[in-house]
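Only one chain is included here, represented as structure tokens and corresponding to the form predicted on its own.
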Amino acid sequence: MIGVKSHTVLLFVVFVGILGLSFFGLMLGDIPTKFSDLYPALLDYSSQDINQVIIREIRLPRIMMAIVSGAALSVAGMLMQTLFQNPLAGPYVLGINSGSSLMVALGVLSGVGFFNSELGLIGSALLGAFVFGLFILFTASFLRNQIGLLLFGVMLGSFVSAIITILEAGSQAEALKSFALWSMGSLNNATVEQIPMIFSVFIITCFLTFFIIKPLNILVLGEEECRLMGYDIKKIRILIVFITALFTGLITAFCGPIAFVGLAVPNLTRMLFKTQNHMLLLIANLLFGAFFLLTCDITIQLFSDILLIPINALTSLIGAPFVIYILIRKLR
């Protein structure tokens, strides 16, 4: 009972922290705005008021993308770690992000109009994530060694990076600049008009995840136990990859590749909650992932006068040492 209460309190504190950071982020920027500006900007919007325009058109989409991106990538990482029974698995490390990046690169650097559209960009990212997810799943059936699977993911990422570099070398300057800015990662790319669509896809994907909570809990014990409980393991695998691809592809399309969120946050939640109950882990990853990326975004805004830090760089600076700690801890 004490454990349940402490978990609830911790989740509530993180939730309150998300709300606090969100309101703070809406007022933070080069042009100062007041708390009193938030209500009219969100509920009684007037395009004639510059403060309302800044809050609604610039800061609100950035804050919402930070929440969605952190939550989605964290849940995707949790799913990958459960599927491969590997605490160092994640959409970035295993190459699912690389699949999205490759397809986006093929579209953007090719100069074809459709692929530069919103629909083309999202479709490219989702297709790349799903195809590479299936490829990694197929390869994992032959690589039972966990370190071998991680090395495969690293090599796959390097191979994709080489292809992208070749594409960049032969692309036009405008397309190259567009892709370079996208690849650095940014929470500022989505517009306020796109937020409802992004949130709709995110919420639908979360509901899909709720439907596989039971098989995820059993999958921790092994694939054979999952079969004995009557689940079709192949369908479960494909569904997990599909959900991961939706989460990863959606975020990669709008924000670019964001590293280490899907690797560090799921490990942190497992360490804090000490459970394999995926219902609790799902909620924890949604909240902790959103809190983590919001904190990164607020940090970037605070240092924007001195240095404009790409979101991908900051998440790597924070996440990489934590992952190294997890690796050393596992190898001991």
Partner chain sequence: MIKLNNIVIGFDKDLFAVDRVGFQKGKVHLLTGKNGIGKSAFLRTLSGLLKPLQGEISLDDKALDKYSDRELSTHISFVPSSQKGVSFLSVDAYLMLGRSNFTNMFGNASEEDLKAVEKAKSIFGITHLSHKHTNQISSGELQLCAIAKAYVQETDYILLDEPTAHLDYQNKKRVYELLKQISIDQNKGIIISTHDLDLAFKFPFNFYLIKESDLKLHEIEGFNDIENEFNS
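None of these values were measured; they are calculated from a predicted model. Residue numbers count along the first chain shown, from 1.
Same protein, other form: the form predicted together with its partner chain, not shown, and the subject of what follows.
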Exercise for review: Can you check 44-52, 269-277, 64-72, 291-299 and let me know which stretch has heavy atoms within 4.5 Å of its partner chain in the model of the complex?
Suggested key: 269-277
Check your understanding: Thinking of 214, 217 and 224 as one candidate spot, does its partner chain come within 4.5 Å of a heavy atom in every one of them in the model of the complex?
Key -> yes
Check your understanding: Would residue 210 count as a contact of its partner chain in the model of the complex, using a 4.5 angstroms cut-off between non-hydrogen atoms?
Key -> yes
Exercise for review: Indicate whether residue 85 is a 4.5 Å heavy atom neighbour of its partner chain in the model of the complex.
Suggested key: yes
Check your understanding: Quick one: is residue 230 in contact with its partner chain in the model of the complex, heavy atoms, 4.5 Å cut-off?
Key -> yes
